[in-house]
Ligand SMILES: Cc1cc2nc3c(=O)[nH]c(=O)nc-3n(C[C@H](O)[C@H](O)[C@H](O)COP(=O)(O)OP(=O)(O)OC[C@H]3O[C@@H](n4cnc5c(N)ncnc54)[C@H](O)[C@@H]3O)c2cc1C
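Before any questions on how it binds or moves, here is one chain, the form predicted alone, in structure tokens.
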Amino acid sequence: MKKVVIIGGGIAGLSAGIFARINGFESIILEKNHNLGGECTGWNRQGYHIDGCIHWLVGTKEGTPIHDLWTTVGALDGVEIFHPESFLAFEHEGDTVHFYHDLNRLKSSWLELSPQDEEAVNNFCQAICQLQSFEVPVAKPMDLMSLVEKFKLMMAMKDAGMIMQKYGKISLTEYAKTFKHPALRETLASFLPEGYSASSVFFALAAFTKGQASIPYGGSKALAMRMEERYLALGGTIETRCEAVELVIDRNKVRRVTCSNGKTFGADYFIAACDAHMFYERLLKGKYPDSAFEKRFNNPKDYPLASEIRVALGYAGTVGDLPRTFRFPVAGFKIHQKPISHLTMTHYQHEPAFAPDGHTLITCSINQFHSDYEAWHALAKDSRAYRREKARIGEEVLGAIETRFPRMGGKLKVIDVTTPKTYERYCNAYRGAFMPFLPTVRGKMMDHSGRIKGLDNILLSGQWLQPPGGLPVALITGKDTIMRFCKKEKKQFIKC
């Protein structure tokens, strides 16, 4: 039986491990931390469970290929799904714009708010409806497809291609200007971080409005633990607190990996299911550069990386009918001398186990980019100053929420604050990134096979390989990596 060593126990590593076992490979996952899941995680603080990852999960609609794949790996097998009434509610100068789950309701609410935007609203909803036919391709990676399979894929992707052609090279900010009402313009312009192409909003809302991008009950950590259970049930092996630090390479092959605890592991095949920059720079020591990644890592303007500050608060009460995710304006609040004009608040009232009885977990996410990371990196050199700044931001967020919701006054407490340095420290995430390169107007989308030029028995896997990244790409590329090993072994790939 051929052996596979998997570096990294995130979703890509777990997916690769599960499909390795299904296809008859001996498999071991090496994980830096004591828990598997990578950035798909959660943690406990002061009686609350803080969900650290899933804003929404593509693949929650039963009967679709991506849902079937999640079910195969145990992530959604028998799991109840929470479908929020709205994706996001945005407040602007007394008006509230809702991105409802029901597309007809979304359309009617926007037309009621702004009858003068009838044509723009109709076109917006028509594009979303058109994209609802799009299914995330999961069967095979392009490099393993026949010409006939590639043609069929192109035909299946025609609606997505039309949307990309029309909106892919328009910034979301520019697209927002096609609406007349200031609340609609501001809502669309700030729907996603600055720099995203307009096409992103259509893909996100198409998935959401057809029930394909909702939230599995139990959250991120529980999803990863279900995958871990499936992997172990298939006979897989795990080594935790076992961070890979060196690869021993001889004659174009990786022979073994050495870990921080002194253990070494040899295998026939290796999978780097980890951060791409860490893999190329730390493990390969810059000796096997990849032009596609180099181009992107060296151009943060066209290929930005997003991280976040996540402030978790405990609320001694229930939030009632407040939208699950609510974005509202704030004033007089700065981070690294940059004004913060809005906060995006998410509550977890649908997860009563995430808080003590009668309480609710609330989180606020604040996007962070290139210069923000630099400021955090410098500040982290002084641990006391770093902790003071985290505490200050937590109190600023708490105060802003109490100002907007006076009924919450005196009932909120800050229970945790994470920064880009947190994600870097615990997940080896380059510059604290929770997603790969953003799909911008000027940037070109990545579609990488994971192959390393000059090495023939190690592949890179994970969200860095394909747009838009995230958990579904990690799931798919983990499976695809094993498909490539099966081809190398001249054996039929078994999908379940």
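The model shown is predicted, which means the values in this text are computed figures rather than measured ones. Numbers for residues come from their place in the sequence shown, where the first is 1.
Not on display, but discussed next: the form predicted together with the named molecule.
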Answer yes or no: in the predicted complex, does the named molecule come within 4.5 Å of a heavy atom in every one of Gly38, Ile54 and Pro472? yes
Which of Asp117, Glu243, Glu135, Asp268 has a heavy atom within 4.5 Å of the named molecule in the predicted complex? Glu243
Just one of 356 to 364, 119 to 127, 419 to 427, 390 to 398 has residues with a heavy atom within 4.5 Å of the named molecule in the predicted complex, so point it out. 419 to 427
Using 4.5 Å between non-hydrogen atoms, is His101 touching the named molecule in the predicted complex? no
Even though the named molecule is not shown here, does Ala273 get within 4.5 Å of it in the predicted complex, heavy atoms only? yes
Quick one: is Ala16 in contact with the named molecule in the predicted complex, heavy atoms, 4.5 Å cut-off? no
In the predicted complex, does Val5 have a heavy atom within 4.5 Å of the named molecule? no
Can you tell me which residues in 16 to 37 come within 4.5 angstroms of the named molecule in the predicted complex, by heavy atoms? Leu30, Glu31, Lys32, Asn33, Gly37
